[in-house]
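So this first bit is one chain, no partners, the form predicted alone, shown in structure tokens.
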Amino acid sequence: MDFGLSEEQTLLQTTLRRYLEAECRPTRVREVMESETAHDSGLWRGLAGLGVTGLMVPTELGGSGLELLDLALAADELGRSSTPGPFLGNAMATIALLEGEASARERWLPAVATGEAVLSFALGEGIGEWDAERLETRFQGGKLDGTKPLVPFAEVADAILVAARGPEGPGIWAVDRGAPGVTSTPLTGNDLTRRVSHVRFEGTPASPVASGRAAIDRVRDAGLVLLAADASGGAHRCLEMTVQYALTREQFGQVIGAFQGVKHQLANIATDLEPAVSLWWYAAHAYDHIREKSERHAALAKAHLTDLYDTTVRYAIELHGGIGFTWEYDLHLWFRRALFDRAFLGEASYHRQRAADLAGW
């Protein structure tokens, strides 16, 4: 079977890469991540103008009506450039709306497609708890009560879509910006390009978006694939930076890339990374076309790619020697991003165990 990208998908990646190479160089990444919110509205409008925010929004609501693979290809490029901003939370919230009621879709998705509205999605509650069956946040009598400790870009979101347990089971509800009973506390994490907040809901009015655990699981699985794609793009960028450094840095009268130990490490990284791309491609494809396999493959892709990203960036830092550990050198941008990808929505060991359970092992 020949599984590859279409001409349109290749064009999407090429166009987005060119835009980010021009508009999101490491100097701009640093400027944005060191700002109060790590959100650059100009950069966000640019991404929206390229169609990134509306890739999966139906055409009748102003989007492109494409699939998760197309969105994951965008995530790959954003990871490659360590692009700051609310892409992940906004994308997960978009998928939650696609799984939900028509009224919620019609209210939010046209503004999402144009980039006028920024949304976020709140799922996890305890450390390592990303399971719809273990939700403690409650919706009752039209109001939400509970705590979400890691909500992406809650400070800039026009609405937060919250996974909670209602009278009839798990579901998703929307909380508008400025709603009463919301307390949001920004947190300082390792990855300064993707901010998270601790959000508390106390008698907060909320409107229904989707019902049932299946909707929450679909949003989580899409998020896992997007994190895997981000990790893939970031790991490839780390490899490129390290190869370039190894071909210019001289030691003992020759470039360090000539040393066998350096060549072997770089070759090992390359041979691990290249086949892993097909893992998240297939997970994204399965999400839309092979639903019975999608949950397991999303878990596998997230586990493997984020582990691989962690390994790649650590090798890259070692091969850069002393400068690899410094704030002034750009490599730490991807190191921090790798830490976020590894932890958010669950560690690799958690998802490997899930994949084994789903396979009946």
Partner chain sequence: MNLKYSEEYQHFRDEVRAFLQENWTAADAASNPVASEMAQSLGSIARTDERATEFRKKAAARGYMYRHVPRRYGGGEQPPDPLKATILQEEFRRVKAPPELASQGPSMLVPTLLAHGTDEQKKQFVEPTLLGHIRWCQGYSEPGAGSDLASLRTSAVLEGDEWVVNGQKIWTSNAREADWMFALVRTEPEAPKHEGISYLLIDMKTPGIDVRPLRQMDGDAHFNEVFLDNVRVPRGQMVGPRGEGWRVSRSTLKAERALIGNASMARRAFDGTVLLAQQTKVRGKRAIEDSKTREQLAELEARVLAAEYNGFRLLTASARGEDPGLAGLVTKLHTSTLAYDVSRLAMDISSDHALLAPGEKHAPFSGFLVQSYMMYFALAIGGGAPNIQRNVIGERGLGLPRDTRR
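Residue numbers count along the first chain shown, from 1. Everything numeric here is computed off the predicted structure, so don't read it as measured data.
Although it is not shown, the form predicted together with its partner chain is what the next lines describe.
Distance criterion of 4.5 Å from any heavy atom to its partner chain in the model of the complex singles out 289 from the list 138, 249, 289, 177. Note on contacts: among 268, 183, 103, 207, the single residue with a heavy atom within 4.5 Å of its partner chain in the model of the complex is 268.
Partner contacts here mean any heavy atom within 4.5 Å of its partner chain in the model of the complex, and among 92-100, 241-249, 217-225, 159-167 they occur only in 241-249. Although the partner is absent here, residue 87 sits far enough away that none of its heavy atoms falls within 4.5 Å of its partner chain in the model of the complex. A residue is said to contact a partner when one of its heavy atoms sits within 4.5 Å of a partner heavy atom; residue 69 meets this definition for its partner chain in the model of the complex. At a distance threshold of 4.5 angstroms between non-hydrogen atoms, residue 255 is in contact with its partner chain in the model of the complex.
Among residues of the shown chain, residue 342 is not one whose heavy atoms approach its partner chain to within 4.5 Å in the model of the complex. Contact check for 311, 314 and 321: none of the three has a heavy atom within 4.5 Å of its partner chain in the model of the complex.
Applying a 4.5 Å heavy atom cutoff to its partner chain in the model of the complex picks out 281, 282, 285, 289, 290, 296 from 280-296, in order along the sequence.
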